[in-house]
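Next comes just one chain, in structure tokens: the form predicted on its own.
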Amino acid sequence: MAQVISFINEKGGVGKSTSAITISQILAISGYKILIIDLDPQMNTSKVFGVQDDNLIDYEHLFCNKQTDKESVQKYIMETEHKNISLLSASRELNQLIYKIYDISKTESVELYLKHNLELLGDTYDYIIIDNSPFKSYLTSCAIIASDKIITPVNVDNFSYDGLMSLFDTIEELNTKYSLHIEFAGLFMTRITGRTTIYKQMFEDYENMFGDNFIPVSIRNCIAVSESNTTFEPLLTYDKKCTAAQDYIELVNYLGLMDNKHFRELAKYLKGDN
């Protein structure tokens, strides 16, 4: 069964899409089958994988109806030019879908339908990675419910304690309401400009404040991140040896997402053997 991981932060500009894309790419290069779901109407993740305009996807069909077979979900998923990566792209239509989910939720447990529909794909992918909009909505609730793990990237200069506490509360409420076991897998720091005094202080503060919920792997900022985002290329495609790429690989290992067999495939790629 595919493991579903959502990247969520109610703040924008924290490297959420970059994190979702880069971790997906690392896992795909290692040989895992990956489905990326872009639920952000800004479409940044979709653009990286070649979708420049709104796709004609029946989102209401996917999110507001309980499907009976894998094909009814699979038909909206596109292959990308990157090996082992498939995509369910975003669209500005997602803004309207939020209201539709809200209306249906008055009479049905529509928040559970995405989870059910993704479970139909369970033997097709190893990981399903969801990139969420920074705006909390019923669509975010659907993604959280469908997820096994929630991961939150945070930026030292753009951190919201209240937003994170709200996310913790939401996970707890949904677990209780629907008898689920959604795990908050941790928060990690992104776009670190250096091992400065303020960085060290914030690192210690996060450790003390969040304990085991704080991931002690930080993603360094480097020019390759900005340039890859500008050119809409996945980070390892743009520069597989940059410091941020190294940090994301360390993060994947810390989270236990890759076994030794797959890590050897990644190592070959990094050395340029394939």
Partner chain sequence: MAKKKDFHVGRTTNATLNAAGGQRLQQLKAQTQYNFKFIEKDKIISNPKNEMYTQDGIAALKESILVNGLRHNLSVLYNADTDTYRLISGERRYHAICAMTETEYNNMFPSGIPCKVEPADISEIDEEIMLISANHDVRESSMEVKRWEVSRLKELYETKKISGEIKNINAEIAKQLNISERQARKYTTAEKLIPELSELLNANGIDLNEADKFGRLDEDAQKSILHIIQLNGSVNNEEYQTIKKMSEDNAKAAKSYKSELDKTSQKLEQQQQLVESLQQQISDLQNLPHEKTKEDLQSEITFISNAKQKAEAEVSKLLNKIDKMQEEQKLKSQKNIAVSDADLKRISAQAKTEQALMQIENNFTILKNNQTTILQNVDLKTRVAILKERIEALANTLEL
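Numbering follows the first chain given and starts at 1. Model, not experiment: these values are computed from the prediction. Whichever C-alpha set is largest while still superposing within 1.5 Å between the two forms counts as the rigid core.
The same protein also exists as the form predicted in complex with the partner chain; that form is not shown, yet it is the one meant from here on.
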field: Joint contact, 47, 92 and 231 to the partner chain in the model of the complex, by non-hydrogen atom at 4.5 Å
entry: no
- prompt: What stretch, of 75-83, 109-117, 125-133, 92-100, brings heavy atoms to within 4.5 Å of the partner chain in the model of the complex?
  reply: 109-117
- prompt: in the model of the complex, which of the listed residues (243, 218, 213, 42) lies with a heavy atom within 4.5 Å of the partner chain?
  reply: 213
task: Flag residue 205 as yes or no: does it have a non-hydrogen atom within 4.5 angstroms of any non-hydrogen atom of the partner chain in the model of the complex?
output: yes
query: Hey, in the model of the complex, is residue 66 touching the partner chain, heavy atoms inside 4.5 Å?
result: yes
field: Any non-hydrogen atom of residue 182 within 4.5 angstroms of the partner chain in the model of the complex
entry: yes
message: Within 4.5 Å, heavy atoms only: does residue 169 come near the partner chain in the model of the complex?
response: yes
- prompt: Judged by heavy atom distances of 4.5 Å or less, which residues of 161-179 approach the partner chain in the model of the complex?
  reply: 161, 162, 165, 168, 169, 171, 172, 175, 176, 177, 178, 179
message: Please determine whether the C-alpha atom of residue 108 is displaced by 2 Å or more between this form and the one not shown following superposition on the rigid core.
response: no
- prompt: Would you say residue 172 moves its Cα by 2 Å or more between this form and the one not shown, aligning on the core?
  reply: yes
